[in-house]
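As structure tokens, one chain now follows by itself in the form predicted on its own.
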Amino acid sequence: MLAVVFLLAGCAPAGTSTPERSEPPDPGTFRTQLVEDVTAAGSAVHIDALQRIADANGGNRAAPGPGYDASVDYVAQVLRDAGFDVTTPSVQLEDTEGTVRNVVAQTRTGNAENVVLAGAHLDSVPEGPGANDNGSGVAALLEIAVRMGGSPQLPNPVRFGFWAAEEQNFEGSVGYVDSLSPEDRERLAVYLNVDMVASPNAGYFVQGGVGGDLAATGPPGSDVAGRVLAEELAAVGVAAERVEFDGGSDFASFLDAGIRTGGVLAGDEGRKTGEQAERWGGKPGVEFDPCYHAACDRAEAIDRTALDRFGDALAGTIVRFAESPRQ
């Protein structure tokens, strides 16, 4: 859908927005203020809330299920209170009987022809509460949304999506993308996927623009999304490792639709290498998240330093795209 982006020339295809290469932020800019305002403590409030929801509903937030329904209600209310336009569209599940809801929220300001979308899956597996997978991604985006407010003075709208049933073949995000008209898809400047950003033995991985084919790199323009995410992590002192899309999260729904995409993650059941431990700290030879898809994936196990760094990097990335005019 998108033509090749010429980074060195600073050119972008019609219908996309390409942030300029990062410069030291000017004091007092919207981006600088938002990055300063977004904190791990603010994100942790939402992780704790999702943990309480799981504890009250059989120990999980799996979709379909009462824990997931309560999570939808919580997220939707937080976003409404922050001034966003919020909908909870239903998705019919294919692999299991039942209907679940996504949560979609958008700012009330900006050029509706150039929308920045950031998303995270809201469900957990049945085996645990999912504080990291993916309460952390949800919480980081909620913190950004609350600090941004529903009517920011940005040229482009920001949309947040919270997807159902990622743990069931990404059915929530598939249903969302399928519901978009070709014109609606064209209006998406970029999709940023946020899946697990507080792993206890955290890594710092960025997806977009790396690999030997489109399935690994993403559609044309995904290299820009990956570059900006890596630059924003560098701005908070982290040298990110850029990796291929592996087909394992909601980004797959957007890649298949030809929407340029970037993503971040702190790692799951893979083991941290010695070189990665030297770069990022943590324990070599140990899983990034020893509680991945387990009952011990609880709020008290998350890495708040990783949560803080990813939150700041995502805030900076979202604003850079939201401040970029259509080129």
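Residue indices: 1-based, along the sequence shown. Everything numeric in this text was worked out from a predicted model, so none of it was measured.
Missing here is the form predicted together with phenylalanine (PHE); even so, the following discussion is about that form.
Q: Looking in the predicted bound form, is phenylalanine (PHE) within 4.5 angstroms of a heavy atom from every one of Asp133, Phe251 and Leu265?
A: Contact check passed for all of Asp133, Phe251 and Leu265.
Q: Taking 4.5 angstroms as the cut-off for heavy atoms, does Glu166 touch phenylalanine (PHE) in the predicted bound form?
A: Glu166: contacts phenylalanine (PHE) in the predicted bound form.
Q: Can you tell me whether Ser222 touches phenylalanine (PHE)? I mean in the predicted bound form, with a 4.5 angstroms heavy atom cut-off.
A: Residue-level check for Ser222: no, no contact with phenylalanine (PHE).
Q: Considering non-hydrogen atoms and a 4.5 Å limit, does phenylalanine (PHE) approach His293 in the predicted bound form?
A: Judged by the heavy-atom cut-off of 4.5 Å, His293 is in contact with phenylalanine (PHE) in the predicted bound form.
Q: Is Ala120 a contact residue for phenylalanine (PHE) in the predicted bound form, using a 4.5 Å heavy atom cut-off?
A: Answer no; every heavy atom of Ala120 is more than 4.5 Å from phenylalanine (PHE) in the predicted bound form.
Q: Tell me which of 195-203, 87-95, 135-143, 103-111 has residues with heavy atoms within 4.5 angstroms of phenylalanine (PHE) in the predicted bound form?
A: In the other structure, the partner sits against 195-203.
Q: Looking at Asp246, Asp184, Asp256, Asp73, which has any heavy atom no more than 4.5 Å from phenylalanine (PHE) in the predicted bound form?
A: Answer to the contact question: Asp246.
Q: In sequence order, which positions of 203-219 have a non-hydrogen atom within 4.5 Å of phenylalanine (PHE) in the predicted bound form?
A: Read in sequence order, the lone residue that approaches phenylalanine (PHE) (within 4.5 Å, in the predicted bound form) is Gln207.
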